[in-house]
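Taking the form predicted on its own, here's one chain by itself in structure tokens.
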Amino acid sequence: MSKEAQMRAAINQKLIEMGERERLKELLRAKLVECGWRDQLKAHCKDVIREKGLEHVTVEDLVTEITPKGRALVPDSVKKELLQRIRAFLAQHSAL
């Protein structure tokens, strides 16, 4: 395992142990709903299903189709806020 992968694993483990990961997930959910991301992605899913036909779309197909757009639609402000919170958490718990 690379040094970077080890560091990611250690940070993720610390976030989980301290309950911060769940708090960050809840914050992310709230921010995405607030900015309309969820509604945009829902509309995109409906478009894909209409385009391909309900009988011809599997959940896996839908996930593959919408994932790139979903990632692209996340506002930079939301990404920055999450990154800032993670950095603050790491600074506060720098005994990794």
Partner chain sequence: MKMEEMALSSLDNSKMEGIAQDILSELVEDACLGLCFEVHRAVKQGYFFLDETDQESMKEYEIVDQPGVDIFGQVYNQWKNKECVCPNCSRSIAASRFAPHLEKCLGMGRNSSRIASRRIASGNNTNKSESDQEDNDDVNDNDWSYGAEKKAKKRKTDKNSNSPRRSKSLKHKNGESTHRTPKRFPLPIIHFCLYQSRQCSCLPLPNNRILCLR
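Residue numbers count along the first chain shown, from 1. These figures come from a predicted structure and were not determined experimentally.
One more form of this protein exists, namely the form predicted together with its partner chain; it is left out here, but the text below deals with it.
> Check Lys52 for me: does it contact its partner chain in the model of the complex (non-hydrogen atoms, 4.5 angstroms)?
Flag for Lys52 set to no.
> Taking the shortest heavy atom distance, is Val63 within 4.5 Å of its partner chain in the model of the complex?
Output for Val63 is yes: heavy atoms within 4.5 Å of its partner chain.
> Going through 37-55, which residues have a heavy atom within 4.5 Å of its partner chain in the model of the complex? Please give them in sequence order.
Trp37, Arg38, Leu41, Lys42, Cys45, Lys46, Ile49, Arg50, Leu54, Glu55 sit within 4.5 Å of the partner.
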